[in-house]
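Next up: just one chain, as structure tokens, the form predicted alone.
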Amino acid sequence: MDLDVDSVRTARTRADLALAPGERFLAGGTFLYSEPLPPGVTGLVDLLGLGWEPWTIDGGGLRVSATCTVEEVRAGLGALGARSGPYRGLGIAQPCADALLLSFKVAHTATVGGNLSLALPAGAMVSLFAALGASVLVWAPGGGARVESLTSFVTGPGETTLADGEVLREVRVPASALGARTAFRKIALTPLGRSSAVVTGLRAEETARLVLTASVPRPVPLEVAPGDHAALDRALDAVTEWFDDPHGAPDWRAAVTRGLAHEVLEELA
């Protein structure tokens, strides 16, 4: 589609992120081209000119920039996770990226920051990084910054804690998650349909952390003892909000999510 905007400018420094009236930030822009512009948007500020490294790993863990593409997650982080060793926790990176069912072109353009900020229930980057216990670094206008957990950052369908003028800078995954055991399960109404329910999980020493996405309006983390299926059932019984859209009715989503969650817990035991 054609974008009816007055201006598109490329940010080169953090100072360039100060928005003029009517401006909004642009990362990959793939979703932007599939939907009408929100009312009042007259200009775009492209973040790609900031030149952020897609991802880095050091003693403090993994840092993934907001402009890292889904393909860089799939090919880069997924390749690390495919090996047994210190990064096996990233073994769910490729299936999460593949769950988005993107074309070659879109996968090389769509970004982690865009997927997280869209906050769609089926946003697979939310599934990935929430399971890894990630936090997000948000830049505020005027030079400030804040860090919060990803599960609190996404508050509902299409809703996050981002305020006007704030920028999602990066995702931070703790070092302890990189070598942990992880698991992934997904179901959809059709083989190439949008995810109806996704359950991702991570095994810590004494805890199994499961995260429900796609079947719920926002990510729901559950923590139970490894192998404690009765405790998992009690935790699932306490989930009262199930997403309702053409990709699945709430009661069906609740039922299939329960099955997937028990499979994940069994794999993590």
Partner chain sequence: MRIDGAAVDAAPRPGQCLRTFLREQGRTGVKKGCDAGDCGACTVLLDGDPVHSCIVPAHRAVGSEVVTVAGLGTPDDPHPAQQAFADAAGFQCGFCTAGMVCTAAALGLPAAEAPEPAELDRLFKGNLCRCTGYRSVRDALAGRRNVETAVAGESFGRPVAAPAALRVVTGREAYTLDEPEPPGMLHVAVLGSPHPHARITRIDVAAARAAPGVHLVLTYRDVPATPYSTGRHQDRNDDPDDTLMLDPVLRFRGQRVAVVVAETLRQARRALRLVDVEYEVLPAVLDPEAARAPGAPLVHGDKDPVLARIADPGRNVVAVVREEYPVPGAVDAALAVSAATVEGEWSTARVNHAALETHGARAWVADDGTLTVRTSSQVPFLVRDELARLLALDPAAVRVVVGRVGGGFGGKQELLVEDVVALAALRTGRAVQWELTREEQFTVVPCRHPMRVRVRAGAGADGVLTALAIDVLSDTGAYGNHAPGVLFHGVHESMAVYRVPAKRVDAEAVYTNNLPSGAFRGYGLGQVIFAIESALDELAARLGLDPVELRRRNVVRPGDPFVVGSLVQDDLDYGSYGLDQCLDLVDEALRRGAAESRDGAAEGGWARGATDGGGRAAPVGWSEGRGVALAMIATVPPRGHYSNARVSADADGGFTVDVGTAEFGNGTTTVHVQLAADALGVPPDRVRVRQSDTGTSGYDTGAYGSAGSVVAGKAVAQAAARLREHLDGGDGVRSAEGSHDGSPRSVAFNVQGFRVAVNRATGEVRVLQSVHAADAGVVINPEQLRGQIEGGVAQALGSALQEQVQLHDGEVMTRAFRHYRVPQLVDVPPTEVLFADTVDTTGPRGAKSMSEAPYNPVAPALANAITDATGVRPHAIPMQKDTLWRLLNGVGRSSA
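What you see is a predicted model; the values in this text were computed from it and never measured. Positions refer to the first chain, counted from 1.
Separately, the form predicted together with the partner chain exists; it is not shown, and the next lines address it.
None of 136, 178, 100, 119 but one reaches within 4.5 angstroms of the partner chain in the predicted bound form through a heavy atom, and that residue is 100. Heavy atoms of no residue among 82, 92 and 171 are located within 4.5 Å of the partner chain in the predicted bound form. Judged by heavy atoms within 4.5 Å of the partner chain in the predicted bound form, the contact stretch among the candidates 52-60, 232-240, 210-218, 26-34 is 26-34.
Using a 4.5 angstroms limit between non-hydrogen atoms, residue 246 touches the partner chain in the predicted bound form. Mapping the unseen interface onto this chain, residue 191 counts among the residues with a heavy atom inside 4.5 Å of the partner chain in the predicted bound form.
The closest heavy atom approach of residue 105 to the partner chain in the predicted bound form falls within 4.5 Å. In the predicted bound form, residue 269 stays away from the partner chain, with no heavy atom inside 4.5 Å.
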